[in-house]
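Next up: a single chain in structure tokens, the form predicted alone.
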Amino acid sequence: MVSAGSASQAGSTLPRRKTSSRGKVLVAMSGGVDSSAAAGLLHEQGYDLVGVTMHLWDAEGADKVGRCCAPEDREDARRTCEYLGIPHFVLDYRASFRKHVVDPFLDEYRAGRTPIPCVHCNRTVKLTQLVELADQLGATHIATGHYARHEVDGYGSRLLRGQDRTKDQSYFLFGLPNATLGRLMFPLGGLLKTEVREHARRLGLPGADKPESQELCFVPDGDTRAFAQRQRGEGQPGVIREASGKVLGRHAGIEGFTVGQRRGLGIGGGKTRYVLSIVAETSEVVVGDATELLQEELTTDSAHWIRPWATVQSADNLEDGRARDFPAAEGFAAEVQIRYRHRAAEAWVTPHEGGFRARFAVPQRAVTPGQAAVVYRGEEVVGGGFIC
């Protein structure tokens, strides 16, 4: 299903725009303030815009526990496009979202891992498919409201952290095909969130003061276990035990448990315990002390390198202004971020077939299978993979 919204002008309230077009850009419109501000800023700069909202999920019945993916958001996107005087389309990607994001999300939890669906969504549904639509509409670029930056140099595309480190979303974008990354524009990448709000108000955009959503869009109440039960039925019951084998309690299913978790374990009082690992084959949750959560290294699979890891530039690896190749056996020094709110830690990264190993200078807490390990060199994303 594709439906076009109104493209009528909004008269004297329309923001001032340069008279010459700078090219056609497809803008991904979620209905939130960030994507609306991205569209407003590009409109002001003279770009010829087309707004697109992807209908990904329907929260109905017991799943209707929040506003994410709600019809109100699509309506807010339409109102913004109408105000800017640009076309607005709503595209039905629910089947693709279910296949590539929701079902793998449920599979991962049943397998004892903690998935990161936003990475998979950006890579397989949202941005990659928007490139195909942009080609059909004659748009050269795709713009989003992500807090990240994109530059191009002699080696190709560079993905950089957003200026606002509290909102930086580069972590979620490491898996994008390089051809897709090369077509992206991030109008908010050099701005702070407070500045984005100010621009939205200055431009008079509808929803300039709309609160932002922090939840996972298809599990807006954050109750992963309940969502999995509604979607797949009851999980396999099992025990909660210490590494020594001592049983401390029972659970109704491993879905919803994650490495590092300490709340909601249901094992009564006593000393504080944390989830150390999840054994899917026997439906066991292993718990222990905080010190047992520390790990010196990790391995990944399904790695993607934005910058060829063998030509990563650094101050100690330059030769006549160009990067020398790193010997495959030696790897390279970098910083590795193991979850969204984690502060990237110094590590030695050694790529191997399909993935890489990262050995940390200081042991890291709660290295979680299924999460992304993203490799940075300063502000730049080199690549990343999924923790085994």
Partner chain sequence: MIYLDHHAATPVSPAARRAMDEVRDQAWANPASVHRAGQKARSILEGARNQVAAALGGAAADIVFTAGGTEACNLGIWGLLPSTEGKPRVVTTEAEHPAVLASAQAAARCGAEILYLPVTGGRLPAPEQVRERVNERTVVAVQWVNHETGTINPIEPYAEVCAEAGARFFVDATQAFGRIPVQAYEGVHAMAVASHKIGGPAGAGALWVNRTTDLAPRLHGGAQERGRRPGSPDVVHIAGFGAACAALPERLASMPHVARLRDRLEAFLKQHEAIVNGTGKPSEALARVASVTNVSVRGRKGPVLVMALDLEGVCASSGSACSSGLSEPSRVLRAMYPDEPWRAESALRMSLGPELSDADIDAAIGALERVLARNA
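Note that the structure is a prediction, hence the values are computed from the model and not measured. Positions refer to the first chain, counted from 1.
Another form exists, predicted in complex with the partner chain; not displayed. Remarks below refer to it.
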Q) With the partner left out of view, is His55 within 4.5 angstroms of the partner chain in the model of the complex by any non-hydrogen atom? A) yes
Q.
My question is simply whether Glu132 lines the interface with the partner chain in the model of the complex - judged by any non-hydrogen atom within 4.5 Å.
A. yes
Q) How about Asp107: is it within 4.5 Å of the partner chain in the model of the complex, going by heavy atoms? A) no
Q) Is Leu294 close enough to the partner chain in the model of the complex to count, meaning some heavy atom within 4.5 Å? A) no
Q) Of the options Pro117, Gly288, Gly260, Pro87, which one has a non-hydrogen atom that comes within 4.5 Å of the partner chain in the model of the complex? A) Pro87
**Q.** in the model of the complex, the one of Gly204, Pro71, Gly138, Gly264 near the partner chain [non-hydrogen atom within 4.5 angstroms]
**A.** Gly138
(Q) Looking at heavy atoms inside 4.5 Å, which stretch does the partner chain contact in the model of the complex, given the options 183 to 191, 91 to 99, 77 to 85, 108 to 116? (A) 91 to 99
